[in-house]
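Consider the single chain below, provided in structure tokens and representing the form predicted alone.
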């Protein structure tokens, strides 16, 4: 795995923020709390909050400038939904109250694994925002179900690679993104083969490697959140 660096409270005005680095990939993750919920929750008269995410790459996060208009594409929407689904899995929305937390993930520098880095950094920003809500006594119970992280894994030729860089991802025969809770429960698995098939044995090996990688990420998350009391997390 590449080196992980976490700089929390990166933006002083946000309820929670961090710069999450995974090798040369850097993502700014920011949590914003709003005292309202989406119309569909109001319409269903649900007594709960909501969590959503927005993902974007900066124009010069890659080798050449990409127009901001072109960056708002289907890929960005798909990754935004992935981040939102992943982070909702680790929060009790009923305990959150009727408020919305938005996690903005802006890729400053891209070298593969931007979606997994966004989930990992987004989790840090989320916990910091929840801590602030709890300290302000706006929520009674810390609504975190557990730690959550993501990692990529794949095969480049016959070699299995954990946490693929952009170069490795471009030539990978098999590429998979795994999102997992700290208890080992899977949240999402996205796996594809490029011109090849892969066996159940290959899948099991990749999931086993991903679990080890995610355990390392969670270890770094816990280190970064050392001063944050996660009341429902051991």
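Residue numbers count along the first chain shown, from 1. Just so we're clear, the structure is a prediction, and the values are computed from it rather than from any experiment.
There is another form of this protein, the form predicted together with another copy of the chain, and it is not shown here; the text below is about that form.
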May I ask you to state whether residue 89 is within 4.5 Å of another copy of the chain in the predicted bound form, using heavy atom distances? yes
Residue 78 within 4.5 Å of another copy of the chain in the predicted bound form, heavy atoms: yes
For residue 167, is any heavy atom within 4.5 Å of another copy of the chain in the predicted bound form, or not? no
Does the 4.5 Å heavy atom contact test between residue 157 and another copy of the chain in the predicted bound form come out positive? no
So, 41, 95 and 218: all three within 4.5 Å of another copy of the chain in the predicted bound form by heavy atoms, or not? no
Just one of 117-125, 149-157, 135-143, 79-87 has heavy atoms within 4.5 Å of another copy of the chain in the predicted bound form; which? 79-87
Is any part of 2-19 within 4.5 angstroms of another copy of the chain in the predicted bound form by a non-hydrogen atom, and which residues would that be? 10, 11, 12, 13, 14, 15, 19
